[in-house]
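In structure tokens, the next block holds one chain alone, the form predicted on its own.
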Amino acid sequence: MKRRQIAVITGIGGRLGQLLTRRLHREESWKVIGIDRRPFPRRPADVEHLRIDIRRKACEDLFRTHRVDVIFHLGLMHDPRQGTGEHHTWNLLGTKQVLEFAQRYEVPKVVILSTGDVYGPQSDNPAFIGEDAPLLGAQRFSGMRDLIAVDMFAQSYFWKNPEIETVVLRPPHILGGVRNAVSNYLRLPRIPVLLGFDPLLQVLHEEDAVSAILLAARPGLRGVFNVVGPDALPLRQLVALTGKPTLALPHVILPGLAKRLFQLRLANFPAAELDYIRYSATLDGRRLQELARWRHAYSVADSVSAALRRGIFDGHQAPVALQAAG
């Protein structure tokens, strides 16, 4: 009987981790082991879930006792309310430890989910940003520093360990059941926009994100890839798909208001993230499309609809950034 391949998923308790697990679980050729301190509700019975910290030495026992075929490293922290020290140790030191285990125990494939946000929204961005562009996301948003550090560390690891097929994925804003700034923004009862600004935005359905992660595990694929779904839309057209009213505000007022609401815990994302509704940061996804024949399956409307459905049915109160201004 052919041996089942073993996939280790860090961050298995997150939305993408759970979706990826269920996809792999449908294939009899895979055994899934997850690492995450968070729970995994309705976890498939034969999926092993280790509720441990990826920074702890206990993680090494997993690699010592199993012949792991692929690591899907999804367990990065994006919570802006966590301190910079916690962010740094969790993201950078946790990633460093996972990659060291991959080298020590000869894991042939590592897939790291980064983010297109590492490029940063800038007034002088090119029309389409390629994988070789500088990572400027921390220039105005310091919370991106450790995510950029993880991305750069993964690139260095790729060159230093050519025997391991390392893939770094940089998707745009992922919509669906995920809890991120753009999903939360579109779930607001009244959606703020900036007078005089209408940047292009790219979004990716969460199921397409999982498909790209699975594709990255294909033997022979390695390197850094932007993951691009449907064509970018102007922000106001994207917002129109929600069917909700907008609140147009001058850009000189909005950052101060957002900062105050974040301090009062009436908003769940910092003022610096408002640059995403001011400037464009559109990714060039041709490399993944040409090398791996990557194609998205869901439209922008599908993605927005998925985000709104999740906001209604998961019992989660979406952050109310700027709602008070309405």
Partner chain sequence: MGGNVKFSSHRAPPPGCSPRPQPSLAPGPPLPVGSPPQHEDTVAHKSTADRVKPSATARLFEALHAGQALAGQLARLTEPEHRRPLLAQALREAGEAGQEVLSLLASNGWRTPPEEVERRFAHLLASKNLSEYGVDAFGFAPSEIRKYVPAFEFLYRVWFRAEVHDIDRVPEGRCLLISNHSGQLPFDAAAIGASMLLDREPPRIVRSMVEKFATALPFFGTLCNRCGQVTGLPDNCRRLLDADECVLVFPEGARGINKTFRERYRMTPFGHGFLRLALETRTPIVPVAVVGAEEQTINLFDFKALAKLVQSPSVPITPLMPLLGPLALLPAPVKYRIYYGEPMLFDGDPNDDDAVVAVKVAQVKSAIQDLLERGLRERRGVLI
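Since the model is a prediction, treat every value here as computed from it, not as a measurement. Numbering follows the first chain given and starts at 1.
The following text describes the form predicted together with its partner chain, which does not appear among the structures shown.
Establish, in the predicted bound form, whether Phe128, Gly196 and Arg286 all lie within 4.5 Å of its partner chain, using non-hydrogen atoms for the distance. Looking in the predicted bound form, the three residues Phe128, Gly196 and Arg286 all sit within 4.5 Å of its partner chain (heavy atoms).
Looking at 184 to 192, 212 to 220, 148 to 156, 235 to 243, which stretch has residues with any non-hydrogen atom within 4.5 Å of its partner chain in the predicted bound form? Stretch with heavy atoms near the partner: 235 to 243.
Which of these residues, Val47, Val300, Val70, Cys59, gets a heavy atom within 4.5 Å of its partner chain in the predicted bound form? None of the others qualify; the residue that does is Val300.
Verify the contact flag for Phe40: yes if a non-hydrogen atom of it lies within 4.5 Å of a non-hydrogen atom of its partner chain in the predicted bound form, no if not. Although its partner chain is absent here, Phe40 would stay clear of it in the predicted bound form, with no heavy atoms inside 4.5 Å.
So, in the predicted bound form, is Asp124 in contact with its partner chain at a 4.5 angstroms heavy atom limit? Output for Asp124 is yes: heavy atoms within 4.5 Å of its partner chain.
Just to confirm, Ala102 within 4.5 Å of its partner chain in the predicted bound form by heavy atoms? So Ala102 does not count as contacting its partner chain.
Does the 4.5 Å heavy atom contact test between Glu106 and its partner chain in the predicted bound form come out positive? Judged by the heavy-atom cut-off of 4.5 Å, Glu106 is well away from its partner chain in the predicted bound form.
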